[in-house]
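In the form predicted alone, a lone chain appears below as structure tokens.
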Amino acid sequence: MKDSNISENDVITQPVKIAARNVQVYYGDNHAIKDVNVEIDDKTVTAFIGPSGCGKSTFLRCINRMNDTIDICRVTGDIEIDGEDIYDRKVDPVQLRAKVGMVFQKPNPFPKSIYDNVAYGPRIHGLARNKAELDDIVERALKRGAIWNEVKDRLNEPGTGLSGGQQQRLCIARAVATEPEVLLMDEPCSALDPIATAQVEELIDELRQNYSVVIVTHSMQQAARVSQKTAFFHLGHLVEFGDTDKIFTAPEDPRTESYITGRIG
């Protein structure tokens, strides 16, 4: 950080965490993402907004190589995290996904106990030497997921028995249990009621103290509430990227303005 007098949460001072250059994504013959260039800051919430099918979730999935699992998908260009090319042949996608956590649209707890849901990642990545260390990791993750107080007396009960909002916070706890540096969220509130949504949004704001958070949302109000930076996607192009306040109040591109005012969507 250049100036130690500036507070750590001041977005201006945050270094770049993720850098994408000339990223193209193809599904067979369909050119889904076209020439995306963007730099995403550390310890910042960045929102991807745009109409359905515009490429925002596809681009999000490039950041932890989830598209690798789709046979017909091809990604070109460069995506770096902390200056390291994540598509380099030397990079193990499994290790990458420990560093880049993911939370999906629909809460998807494993059919296991609450404890085992959170312990799963740390176990497969060998992050705990014994049961006591694993207990600490699980407790810390559940606290970071803002659900510890609700589940601490029922850790052996199935995660699937929780309410929708609790399940999503459990999935966030599961994602942060491997101590990732980046947290990707693909419409994490779209299946939740307003109260659960507010809880998750509050949690997202807390998480940015430790992570670079990237959230895809169909709700412009949500983007305005939780993010410091916003990227507007349209027809596979990243049309505009900048401070959230500016994107919503003084967008430079007429397509952004049309979307924000409801003329396209």
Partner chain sequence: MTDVANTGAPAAPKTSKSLLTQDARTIKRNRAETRFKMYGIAAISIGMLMLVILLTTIIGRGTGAFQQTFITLSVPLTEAKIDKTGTRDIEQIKKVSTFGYAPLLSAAFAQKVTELGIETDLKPKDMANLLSKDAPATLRDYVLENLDQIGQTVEFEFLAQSRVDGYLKDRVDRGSIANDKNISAEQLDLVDGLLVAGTLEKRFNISFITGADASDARPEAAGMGVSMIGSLSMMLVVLVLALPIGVAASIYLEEFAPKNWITDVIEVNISNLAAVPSIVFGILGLAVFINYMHLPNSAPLVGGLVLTLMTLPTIIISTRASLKAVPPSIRDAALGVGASKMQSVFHHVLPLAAPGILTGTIIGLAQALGETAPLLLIGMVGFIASNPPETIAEGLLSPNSAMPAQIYEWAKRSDPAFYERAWGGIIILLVFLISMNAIAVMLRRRFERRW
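These figures come from a predicted structure and were not determined experimentally. Residue numbers count along the first chain shown, from 1.
Keep in mind that the form predicted in complex with the partner chain is not shown, yet the notes after this line are about it.
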Worksheet item: Are any of the heavy atoms in residue 109 no more than 4.5 Å from a heavy atom of the partner chain in the predicted complex?
Response: yes
Discussion item. With a cut-off of 4.5 Å between heavy atoms, is residue 69 one of the residues that contacts the partner chain in the predicted complex?
Written reply: yes
Worksheet item: Is residue 120 one of the residues lying within 4.5 Å of the partner chain in the predicted complex, judged by heavy atom distances?
Response: yes
Fill in: Partner proximity in the predicted complex: residue 43 to the partner chain, non-hydrogen atom cutoff 4.5 Å
no
Discussion item. Counting only non-hydrogen atoms and a 4.5 Å threshold, tell me whether 61, 102 and 124 all contact the partner chain in the predicted complex.
Written reply: yes
Worksheet item: Based on heavy atom distances of at most 4.5 Å to the partner chain in the predicted complex, which listed stretch, 73-81, 128-136, 142-150, 171-179, is the contact stretch?
Response: 171-179
